[in-house]
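Quick setup: one chain, the form predicted on its own, written in structure tokens, and binding and motion questions come after.
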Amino acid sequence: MCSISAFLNPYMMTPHLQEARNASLRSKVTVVGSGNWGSVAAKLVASNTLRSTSFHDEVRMWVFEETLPSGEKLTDVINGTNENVKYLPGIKLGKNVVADPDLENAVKDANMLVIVTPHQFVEGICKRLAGKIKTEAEAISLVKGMEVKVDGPRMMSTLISQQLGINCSVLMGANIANEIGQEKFSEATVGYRQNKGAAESWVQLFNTPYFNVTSVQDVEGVELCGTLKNVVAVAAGFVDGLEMGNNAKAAIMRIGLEEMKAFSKLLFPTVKDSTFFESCGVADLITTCLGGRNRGVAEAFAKSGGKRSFDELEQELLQGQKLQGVSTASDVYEVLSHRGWLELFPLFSLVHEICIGHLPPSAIVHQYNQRKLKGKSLGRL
């Protein structure tokens, strides 16, 4: 019978004990979410857990159970075909990805939690998980969005940390999910607070030859870039739908980046200017305004003259996926209104007012200059 000291001292171990010790030190990864981006995240991390001795091979992926038109359960199909046929068809996830419809079971042994769901569901998920995960676990949020409370906005990483009592980093970037699923080159940025070691583990977990990941010590900056760019993408979609041309679209993107930076620094003065030049900043803004669901649905909205609702278009065009830009525009507008900042952010304000039908889509350009002249200059902030 081997002593505890033998188990702790690798030089005194048998090969069997060495293997057991190594297994006990490996991190177990669970992906909470299985939509388009969640499935791609599972594919990325599953390829790395097989390559590295730092992680257990198996990657659990929590799936919100659905019944497919065939009558089969989505979880059963994913586990049988190694493919999310609804949200990421044609892409193999990796044979070490195990879909699990039981949220608590999926996370019970996890040391590393990858949270990737629509932002409106995060709080409810966290309430279900509170007290049911390992105390030493680390989380990373791939969620775009914020929660608006009476006392101000709360970022998803903060919500996750507060609800679960664990550290939460973020990962954002120029990441159209389908392209990454097809292993086309992309970049992303990990934002962390104090724990650089945790950030390095996340980089190790996500970085691949086609998915280049770096880290910066600026959680709020990285997260707000990923959140606010969806509002700008809606504005870009309006321009596309109205066929206003590339010059107008480029102007909207520049203005949007200016407002993103100013809004972020007003909320969190510690946000770094350099973060906006990472993949999570200008690169994510560009790719989201060129492609992606927010731009596409906003284009359809503008083509209809604003007569078709975003809810209707979302159901028709996204096949169960959720828009983030419209709800984020509403959240941002609430913050601006509450703090008396509406005149400072004419583009953000116009996007929301167009989305709720108070103004026609053409106002995104035609009324911008009028509001800019009436408002204060962001350059003075």
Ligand SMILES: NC(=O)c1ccc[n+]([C@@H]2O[C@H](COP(=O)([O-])OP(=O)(O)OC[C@H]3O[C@@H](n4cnc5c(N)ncnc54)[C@H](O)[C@@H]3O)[C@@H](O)[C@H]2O)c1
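Numbers for residues come from their place in the sequence shown, where the first is 1. Please read these numbers as outputs of a predicted model, since none were measured by experiment.
The next section is about a form of this same protein that is not shown, the form predicted together with this ligand.
In terms of contact with this ligand in the predicted bound form, the residue from Met155, Ala177, Ala199, Ala137 that brings a heavy atom within 4.5 Å is Ala177. Put simply, of Thr275, Ser169, Thr75, Thr117 only one has a heavy atom within 4.5 Å of this ligand in the predicted bound form, and it is Thr117. None of the heavy atoms of Trp341 is located within 4.5 Å of this ligand in the predicted bound form.
In the predicted bound form, at least one heavy atom of Leu142 sits within 4.5 Å of this ligand. Although the partner is absent here, Gln324 lies within 4.5 Å of this ligand in the predicted bound form, judged by heavy atoms.
Interface membership of Ser34, defined by any non-hydrogen atom within 4.5 Å of this ligand in the predicted bound form, is confirmed.
For this ligand in the predicted bound form, the listed stretch (45-53, 63-71, 330-338, 344-352) containing residues with heavy atoms inside 4.5 Å is 63-71. For a residue to qualify, one of its non-hydrogen atoms must sit within 4.5 Å of this ligand in the predicted bound form; none of Phe238, Gly306 and Tyr368 qualifies.
Scanning 273-295 for heavy atoms within 4.5 Å of this ligand in the predicted bound form gives just one residue, Arg293.
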